[in-house]
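Okay, here we've got a single chain as structure tokens, the form predicted alone, with questions on binding and movement later.
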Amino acid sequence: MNKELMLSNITKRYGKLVAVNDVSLRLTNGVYGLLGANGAGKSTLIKIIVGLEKEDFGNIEYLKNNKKTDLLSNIGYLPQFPSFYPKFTAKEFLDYMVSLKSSNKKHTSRYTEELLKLTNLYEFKNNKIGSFSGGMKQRLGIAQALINDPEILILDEPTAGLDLKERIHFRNLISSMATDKIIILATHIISDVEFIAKEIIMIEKGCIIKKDTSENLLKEVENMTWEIKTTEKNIKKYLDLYSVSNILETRSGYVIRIISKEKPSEDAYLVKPNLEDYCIYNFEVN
């Protein structure tokens, strides 16, 4: 089925602050990585899409086979700071959320157990949420977002608090759903979207500044990503002079990764860029 989420000239102001500035997007099935610094407008844009904020100007349409359909009933949403009932068990919470979201409650118990297995929480299904770690609560939030198998899945910082193994499981889960869902994933952890996103959407000061594949974006920094082997005493010098995307300590010293249009030193050598390098380039160098 042909599905499209259309945002047209979305604008949102808080007094003199323009949080979202004339944003227009056309999204189809697949994963979209929404990247931007703190305060760039990511969460505000997401809140507008899910109906928690009202845009001052513009409109949003959800089309299936070119026909308008209800947007909110087709959305699964994980907010940046999800709230839970601490005295509920994980299973009680999901049973309750299913009862709120679904008209078919016949197989609720079996369905919630499937969601708990999917998010690696099944063995903790009878534990109180108040005893959960931050990562476990985040996984529970992802589980509730998946109730009713939504056609549009919107996740705001979904891997916050997850360890590396959990993040890899999450990426694989999201990637497996991408063929028949529109998925928007806002994150500060760039590696979470670099390899699974169909396109990267970059937002700065409320404006969309880029929307393209990772492959195309990386071409812009192909000859600007350098590494230098150096000693600890030179680190501050490079930090003061250049945009540094990484510092790696090795047995023989340090390796500094720099984004620069010019070769930063005689012993610098070009390396293959990644999406984090591109973001440094866009927000600091360009």
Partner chain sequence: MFLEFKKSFFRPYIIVITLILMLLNIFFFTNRYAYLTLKSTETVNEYMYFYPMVEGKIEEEKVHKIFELKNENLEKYNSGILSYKDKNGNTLYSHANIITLQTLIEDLEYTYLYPLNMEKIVNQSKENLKFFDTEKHIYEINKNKKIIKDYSNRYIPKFGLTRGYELLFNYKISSLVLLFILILPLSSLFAEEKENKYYQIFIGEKVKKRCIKFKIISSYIFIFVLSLIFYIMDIFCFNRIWPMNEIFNPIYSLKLYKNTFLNTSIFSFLIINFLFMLIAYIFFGTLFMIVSLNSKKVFVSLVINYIILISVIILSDFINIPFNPFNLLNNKDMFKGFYVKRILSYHIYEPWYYLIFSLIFIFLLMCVLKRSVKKW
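Positions refer to the first chain, counted from 1. Since the structure is predicted, the reported quantities are computational estimates derived from the model, not experimental observations.
What follows is about the form predicted together with the partner chain, which we do not show.
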Legend entry - All of 110, 113 and 123 with a heavy atom within 4.5 Å of the partner chain in the predicted bound form: no
Inset, instruction - Look up in the predicted bound form whether residue 205 has a non-hydrogen atom within 4.5 angstroms of the partner chain, and give yes or no. - result: no
Inset, instruction - May I ask you to state whether residue 86 is within 4.5 Å of the partner chain in the predicted bound form, using heavy atom distances? - result: yes
Inset, instruction - Tell me, yes or no, whether residue 132 is in contact with the partner chain in the predicted bound form, where a contact means a heavy atom of each within 4.5 Å. - result: no
Inset, instruction - State yes or no: in the predicted bound form, is some non-hydrogen atom of residue 195 no more than 4.5 angstroms from a non-hydrogen atom of the partner chain? - result: no
Inset, instruction - Within 4.5 Å of the partner chain in the predicted bound form, counting heavy atoms only, one of 167-175, 113-121, 89-97, 182-190 shows up; tell me which. - result: 89-97
Legend entry - Interface residue in the predicted bound form among 241, 52, 37, 255, criterion: non-hydrogen atom within 4.5 angstroms of the partner chain: 52
Legend entry - Residues from 67-85 in contact with the partner chain (non-hydrogen atom within 4.5 Å) in the predicted bound form: 72, 75, 77, 79, 83, 84, 85
